[in-house]
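In structure tokens, the next block holds one chain alone, the form predicted on its own.
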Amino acid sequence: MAAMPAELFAVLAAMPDEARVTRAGRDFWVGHLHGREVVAVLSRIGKVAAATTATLLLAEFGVTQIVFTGVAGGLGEGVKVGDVVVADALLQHDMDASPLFPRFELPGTDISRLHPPRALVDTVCRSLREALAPETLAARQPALMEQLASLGLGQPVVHRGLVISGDQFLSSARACAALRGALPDALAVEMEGAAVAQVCHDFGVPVTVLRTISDRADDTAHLDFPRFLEAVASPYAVAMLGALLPLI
């Protein structure tokens, strides 16, 4: 699952035999990538839209695991633009059914945080750190190295931790400070991952959520987002999938 069209197009360009199948107004691309049978699809924006897409992948196409790649706002200290966050926990920051249930808890489940399998997260982090290491990028994607330098970005760091999701586009320092106060260990914030994780939890299917940090989710200065998406986030998505698919 890709969060942005540019990321999906980059993945499709690497698939030699994709065939389009349309379900519920969504285009699913069935084919192969790095020797694996895959279905590629745009998640759509927001929790409900992404959950619908994930449900279709599982129920209609019978996929055995989901890999979600997209951009996010950085929240955690030391999480910089151009870094990657691998989710080892996911939570819906706008879920609040109190006083019936504790804040953030998914009603009827007794849980608020959804955890991908630990061994899977270990494998993902290890392989991505190798794939995004300076020597690997210099050898395999020198153009990406040049783009990072031209945007004033350093070498990407792969972080592991809590990713939070909500149906809000956060762009103010005040909103980010409130989230940090409530969830001090959150590393990144976005709009889909925890909903996809909830669907995968219900189906008993593993999920991997990878988020490239495009901004600090506050009112500080932003990079040229379209350029960042095209020059950095999309090549990251292809590189990360290339590293992961042979292993997971």
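Throughout, we count residues from 1 along the sequence that is shown. For clarity, every value in this text was computed on a predicted model and none was experimentally measured.
One more form of this protein, predicted in complex with a small molecule, exists but is not displayed; see below.
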query: Close approach of V63 to the small molecule in the predicted complex, 4.5 Å, heavy atom; finding: no
query: Close approach of V189 to the small molecule in the predicted complex, 4.5 Å, heavy atom; finding: yes
query: Residue contact check: Q155 to the small molecule in the predicted complex, 4.5 Å heavy atom; finding: no
query: Residue contact check: Q168 to the small molecule in the predicted complex, 4.5 Å heavy atom; finding: yes
query: Contact stretch among 193 to 201, 23 to 31, 65 to 73, 52 to 60 - heavy atom within 4.5 Å of the small molecule in the predicted complex; finding: 65 to 73
query: Contact assignment for the small molecule in the predicted complex, among L42, V207, L210, A217, heavy atom within 4.5 Å; finding: A217
